[in-house]
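Below you will find one chain, with nothing else, as structure tokens; this is the form predicted alone, and questions on how it binds or moves follow later.
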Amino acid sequence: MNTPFPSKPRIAIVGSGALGTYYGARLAKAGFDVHFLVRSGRAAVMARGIRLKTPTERVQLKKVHAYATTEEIGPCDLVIVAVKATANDALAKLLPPLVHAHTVVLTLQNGLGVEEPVAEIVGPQRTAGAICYIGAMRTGPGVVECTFPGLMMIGEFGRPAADRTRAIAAVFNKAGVKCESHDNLEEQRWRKLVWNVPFNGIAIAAGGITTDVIMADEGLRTLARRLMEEIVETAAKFGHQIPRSFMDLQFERTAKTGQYRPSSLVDFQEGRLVELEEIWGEPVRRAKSVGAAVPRLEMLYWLLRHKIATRKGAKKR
């Protein structure tokens, strides 16, 4: 698609959890035209606005354009999908009212295979993805605490970065979000798994522990590294070369987050659906498809599958 991306896009945020609220508020505070789909706590958001807390600042957005349906929002230039991948069944209804001929739909979801459901609905030419290295938690309607603002990396689905990709990255940078465009989105997804697979998984499997406990325990820290190695080796089978130094960087960053509860652990403990297949199941299946041995990853997948299935009050996928 060669149509120039508008410098002042109309933006929809689909999903007002931690990421949708954080990035949407940043964009709106920077002067962009942002419209939030808020299906729970909308009255509180409209009355009190959005509040963000980071290690260095407090951000308040007093006026919020919040809607109960995407039909009320209407077509936008940029649609940011911030719902969990476990809610993708709802996208077939949510996305069409937001799309016009040149809309870009950017999914922030974790794991592998998350662009495909979006592309099936809006078309691959409209689909892009983002990998978010961020530590953020929604503590109430419109309230987000961000311990690590980090970095966002965006790319096109199945294509190298285009002018519009770089234009969207520029929009986020103007909003104070460090954002880079990349030619190989799938490689970036494998890179994100280097952290997500061990830290989200071990946090749940080891009984609901925070990342500082993993870092302080020699055995768990070693297990995390071995899981990382399996991801890196599998990614290489698909032509994605991730340097070993990238694993060291994940440990350095994690050491700075303190008593951090990974998002999958939060979902598990609060009885919500966990992105089991996207973060653990799909990497196992892809590893098997190319003959890569991932014994620790496969064991972790089955442990998590059992724990999630037998959790009290577990929701069906």
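From 1 onward, residues are counted along the sequence shown. Just so you know, these numbers come straight off a predicted model, no measurement behind them.
In what follows, reference is made to the form predicted together with a further copy of the same chain, a form of this protein that is not presented.
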If you check V99, V194, A82, L220 against a further copy of the same chain in the predicted bound form, which one has a heavy atom within 4.5 Å?
-> L220
The unique member of A175, C146, I209, L185 whose heavy atoms fall within 4.5 Å of a further copy of the same chain in the predicted bound form | I209
Stretch in contact in the predicted bound form with a further copy of the same chain, which is absent here, among 73 to 81, 146 to 154, 123 to 131, 211 to 219 (heavy atoms within 4.5 Å) = 211 to 219
Verify the contact flag for A18: yes if a non-hydrogen atom of it lies within 4.5 Å of a non-hydrogen atom of a further copy of the same chain in the predicted bound form, no if not.
-> no
Counting only non-hydrogen atoms and a 4.5 angstroms cut-off, does A205 reach a further copy of the same chain in the predicted bound form?
-> yes
Any non-hydrogen atom of I11 within 4.5 angstroms of a further copy of the same chain in the predicted bound form = no
